[in-house]
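Form predicted alone, single chain, as structure tokens, below.
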């Protein structure tokens, strides 16, 4: 269990051959060159022990996990991967920007809620776009996650406020000179099937991640860092990066939803895709109020095992996105085996709450099999806490979800969020949030 790749080469080749039936060789060329996409070239490694304290003693009870080992693992991720989240929680102020009682042709109530992080209306703030079923008689369970291009990109409704925050340039999408335009309305609606989610009896809340911390390396001088972090000294090695800032803001969103009369704050699931899937996992690990956690194609630094060095690597992600993680994370560039953690331990921090990992067969960059293995190797903690993990570490069959107290699927297609993904997440939520 703790040495998953210390096994005969024939076993590795068999695993690769099974996996290659899911991943046509033509798809390997579509990924960034110079990286490993061959299962037989995954190096041997040993995963850090989940159920062993740093003093070497074994963890044999749920109480030992909760009181001793879980705090150790959480601190290791804070010091070596994501960094510390901001200690300060400012007095939040909220203001309803808009409300539509008959959104989606009468099926939903649509609201925009501005959350201010200071007493200054012109200071850092974020807008939460919330849809809830119009016919709900009691507060509903809710999915909450960040979007990449502004709340107005989630639905073409012309009444939704267009973000004035920094956005990534994308002329085809309608983002010009780092500003969103009318052309960008509804351009991300395929990833947010709001009507389908509401029709299943769920709320959906989304926030533009650039409201919280613009996604570029500027020395942490804007977003919430500008008000919550002193800039008089050099940053500490374990100071939180953007993922910690985004995760912190998801918790502030949960603060708001806990007070919302239309949402059941005890039944809120985080959701995130790609870098925001990493964020969802870290938010769920850090804040045990989240009832469920969903990672979609989160890959390196998220659901995938770093020691596999399959697809994107620690060095590549730290080089391309130096602002995402803490400075200490860089010492594991081309040195993954030296890290005191791997990402099965991130999954274990979520236990015993349900967690779902979604992968895509063409998304080799995110290491689909490595994402599944993280969830599998978190199993001993789920079992210690009375929950059921993945049944085995076999290569998963495409489009055949596995759901126990954890969930996993690998679907056809590329790095994206699809209706298939959302259907599985809602099926899983039906079991655990309803």
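Source: prediction; values computed, not measured. Positions refer to the first chain, counted from 1.
Here the subject shifts to the form predicted together with a small molecule, a form of this protein not shown in this document.
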Listed residue (290, 143, 208, 324) with a non-hydrogen atom within 4.5 angstroms of the small molecule in the predicted complex: 324
Of 274, 339, 78, 251, the one that lies within 4.5 Å of the small molecule in the predicted complex (heavy atoms): 274
Contact check for 312, 317 and 365 against the small molecule in the predicted complex, heavy atom at 4.5 Å: yes
Partner contact for residue 298 in the predicted complex: the small molecule, 4.5 angstroms, heavy atom: yes
Interface membership of residue 152, the small molecule in the predicted complex, 4.5 Å heavy atom rule: no
Interface membership of residue 148, the small molecule in the predicted complex, 4.5 Å heavy atom rule: yes
Non-hydrogen atom contact residue 343 with the small molecule in the predicted complex at 4.5 angstroms: no
Location of the small molecule contact in the predicted complex, chosen stretch of 274 to 282, 112 to 120, 233 to 241, 156 to 164 [non-hydrogen atom, 4.5 Å]: 274 to 282
